[in-house]
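What follows is a single chain, given as structure tokens, in the form predicted on its own.
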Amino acid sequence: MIRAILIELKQKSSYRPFATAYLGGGSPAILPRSLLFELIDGISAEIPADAEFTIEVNPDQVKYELLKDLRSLGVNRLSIGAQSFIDDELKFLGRCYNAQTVEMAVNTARKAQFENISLDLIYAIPQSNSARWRENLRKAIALSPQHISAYSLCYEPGTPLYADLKKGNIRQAEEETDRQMYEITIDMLARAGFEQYEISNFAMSGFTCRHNLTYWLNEPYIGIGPAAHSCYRRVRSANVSDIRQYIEKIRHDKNACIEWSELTDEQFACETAVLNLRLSDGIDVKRFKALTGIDVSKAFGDVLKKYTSLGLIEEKQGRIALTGAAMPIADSILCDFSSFYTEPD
């Protein structure tokens, strides 16, 4: 699979320049070192020396020698899947480590000279409460990461959590509890010096995730590997997800793509509006027009008036953004932008 990924990467080198790289998909650090380093070398050869290069790791995979080698190979940003600092919550989430392991992972990363560390946290876990979530945030803040991502627990179809929910074995957190925890997140991280630059993402000054900003700004990106998605020149595409099929298609067809669609002007405008509004800076009106060829105020005039009158959207200094009151209910607002569009005159 690694050989196939490197072949696909070479094939797509014509899409350069690449400004960032993100090695994720769960747990790339689980690979044997020789394969992991071969993959990283291949990626490093395609990006500038000063590019943001992130790798995802689970806390129990963090070893000093591994991180030291990753750093020497050009990886300069670490995303650690902490999830929680409370042991019974980690057990509920099916994690094979405890809170102490998370703390040790961050400290080890610092020792290995990583200066850009992100922690992923999950809130609205069943049986959790505001006090427990505050404790999670306190412990995360105490470790002084440069970036924190905080997500409400999702129940994806096909997962054990989803099955337990449907069987009534667990109860999803109440909507009010979810909202309280989100508001606590914004408040505590702001007081700790983190800037909320996206609905679920917070960073110290100068440490926003440049790679993920590409998605929210709806700029081109290339995905490599099984089930990877790309968007380039308004064409969205997806690779086959089955690993064996992926390897065979790269080996014989030289192309693992099985789905693609060209976005219409309307689709591209709607996607750009929705993605941009996830950012605290919102939609840059001039940039939106330059990118899509469409006047955002005309295309979404009625929906903008609706939410502006409710105090959930504001327009100032050439930008259209969600207000603080809108952040906890952002998904319902963004749904309107994904489906509401008036063809400009």
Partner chain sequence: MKTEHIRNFSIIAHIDHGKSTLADRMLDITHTVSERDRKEQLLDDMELERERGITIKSSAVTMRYEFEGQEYMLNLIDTPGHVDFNYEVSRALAACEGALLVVDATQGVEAQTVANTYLAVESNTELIGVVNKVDLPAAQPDVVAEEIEHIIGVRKEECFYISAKSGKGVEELLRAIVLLLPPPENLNDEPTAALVFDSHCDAYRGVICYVRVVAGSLRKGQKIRLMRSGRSYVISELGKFTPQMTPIEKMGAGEVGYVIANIRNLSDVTIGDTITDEAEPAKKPLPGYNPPMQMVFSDFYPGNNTEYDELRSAFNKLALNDASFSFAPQNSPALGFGFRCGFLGLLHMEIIQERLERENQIDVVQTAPTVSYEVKTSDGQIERIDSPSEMPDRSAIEEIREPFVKLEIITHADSIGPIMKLAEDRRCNLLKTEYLSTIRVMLEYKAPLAEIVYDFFDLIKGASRGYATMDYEFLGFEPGNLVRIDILINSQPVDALALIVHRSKAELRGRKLIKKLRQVIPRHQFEIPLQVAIGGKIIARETIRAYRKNVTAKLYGGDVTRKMKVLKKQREGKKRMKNIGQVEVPQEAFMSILDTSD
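Every value quoted in this text rests on a predicted model; they were computed, and no experiment measured them. Residue numbers count along the first chain shown, from 1.
Although not depicted, the form predicted together with its partner chain is the subject of the following passage.
Contact label in the model of the complex: R278 to its partner chain, heavy atom within 4.5 Å:
Result yes; R278 sits at the interface with its partner chain in the model of the complex.
At the 4.5 Å heavy atom threshold, is Y232 in contact with its partner chain in the model of the complex?
Flag for Y232 set to no.
Taking heavy atoms and a 4.5 Å cut-off, does S34 contact its partner chain in the model of the complex?
So S34 does not count as contacting its partner chain.
Heavy atoms within 4.5 Å of its partner chain in the model of the complex: does E271 have any?
Looking in the model of the complex, residue contacts with its partner chain include E271, since a heavy atom lies within 4.5 Å.
With its partner chain left out of view, which of L23, A321, L9, L334 would have a heavy atom within 4.5 Å of it in the model of the complex?
Looking at the other structure, the residue within range turns out to be L334.
Could you tell me which one of N76, Q196, N98, N212 places a heavy atom within 4.5 Å of its partner chain in the model of the complex?
It is N212 that has a heavy atom within 4.5 Å of the partner.
Stretch in contact in the model of the complex with its partner chain, which is absent here, among 212 to 220, 242 to 250, 160 to 168, 102 to 110 (heavy atoms within 4.5 Å):
Looking at the partner contacts, the answer comes out as 212 to 220.
Is its partner chain in the model of the complex near all of R236, K306 and S338, within 4.5 Å of a heavy atom of each?
Every residue of the candidate spot has a heavy atom within 4.5 Å of its partner chain in the model of the complex.
Could you pull out the residues of 188 to 209 that have any heavy atom within 4.5 Å of its partner chain in the model of the complex?
Residues within 4.5 Å: I199, S200, N201.
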